[in-house]
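Given as structure tokens, the chain that follows is alone and in the form predicted on its own.
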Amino acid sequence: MAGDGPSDVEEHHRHEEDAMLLPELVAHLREHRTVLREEWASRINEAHLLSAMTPQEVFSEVTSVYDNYVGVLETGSVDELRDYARDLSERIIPRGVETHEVIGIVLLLRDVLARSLFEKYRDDFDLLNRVLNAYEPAANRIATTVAGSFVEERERVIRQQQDSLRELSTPVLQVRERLLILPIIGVLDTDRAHQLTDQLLHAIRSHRARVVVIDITGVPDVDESVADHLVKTVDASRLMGAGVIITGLSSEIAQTLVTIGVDLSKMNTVGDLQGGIEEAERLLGFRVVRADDADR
């Protein structure tokens, strides 16, 4: 029995009309591009977002993001927008732009465009609902893409900064031919111990080192996993052809190593850094003499 709802023909006609909504929406946003961009830039300024950038820079980025935004609505593909968002993030993260600012400007654009659509279709409530139903999923996908790209880039920058700090905190120094020193200061956790080993083995190869002095005077504590990593570092260095001397063992760390059963026979330990260097020079065949004695 036929109901009061739309017939199949009417439903098919409605789907065809809905399919034309996004192209019509895109045409509207392109026609009013200048006005909508200016309104968006004004709202960004009023909300004190992207304050690290000049007004000219903000408007330039607003133009690019707006065009990419409309492009996504037209094609349904976010690839180009994602690439632009990553590039933009790479440029603005060093300027101090925060995640909430990026999310804020995207939501402002979404609001500016939605208000424009409301103004255009407000006399036809049914059509307005269908336009917004077509616009909302695409707008949400765009917001997620931009915010996600920014967060990913920010995390990458943070990881890069952490790696740089680790490298600076564990410098491998060449004090003379075939002799390296690795002074360690601060907490030595498993991640840092792993990174330290990578740096040391790379330095042994590049400097053709025969002896390495690892000074842990500035290390407050060593747990079982880190101690195990130190032993593996000593073994790996030996395989690379370099002997290892460990200096600066505190009484607490020495007791920890004994308690957790570290094989101390694998470690050549010397009380302090100066003693370690002298032992290293002896192993390398160097002999230190006073200048006066050498002239005699």
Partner chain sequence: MPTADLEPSGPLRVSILTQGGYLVASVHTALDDGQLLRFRRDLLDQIGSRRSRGVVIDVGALDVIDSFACHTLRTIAEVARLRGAETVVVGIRPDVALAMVELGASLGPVTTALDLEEAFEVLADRAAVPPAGPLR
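Residue numbers count along the first chain shown, from 1. All values reported here derive from a predicted model rather than from experimental measurement. Definition used throughout: the rigid core is the maximal C-alpha set that superposes within 1.5 Å between two forms.
Beyond the structure shown, there is the form predicted together with its partner chain, which is absent from this document and is the topic of what follows.
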Report whether the minimum heavy atom distance between residue 197 and its partner chain in the model of the complex is within 4.5 Å. yes
Does any part of residue 235 reach within 4.5 Å of its partner chain in the model of the complex? Heavy atoms only, please. yes
Going by a heavy atom distance of 4.5 Å, is residue 100 a contact of its partner chain in the model of the complex? no
Look up in the model of the complex whether residue 159 has a non-hydrogen atom within 4.5 angstroms of its partner chain, and give yes or no. no
Tell me which of 240-248, 255-263, 65-73, 41-49 has residues with heavy atoms within 4.5 angstroms of its partner chain in the model of the complex? 240-248
Of 134, 216, 204, 139, which residue is found within 4.5 angstroms of its partner chain in the model of the complex when only non-hydrogen atoms are counted? 204
Looking at 154, 178, 82, 110, which is the one with a non-hydrogen atom within 4.5 Å of its partner chain in the model of the complex? 178
Yes/no, residue 191 Cα shift of 2 Å or more between the shown form and the other one with rigid core fixed: yes
Relative to the superposed rigid core, does residue 266 relocate between the shown form and the other one - that is, does its Cα move 2 Å or more? yes
Could you check whether the CA atom of residue 129 moves 2 Å or more between the shown form and the other one, using the rigid core for the fit? no
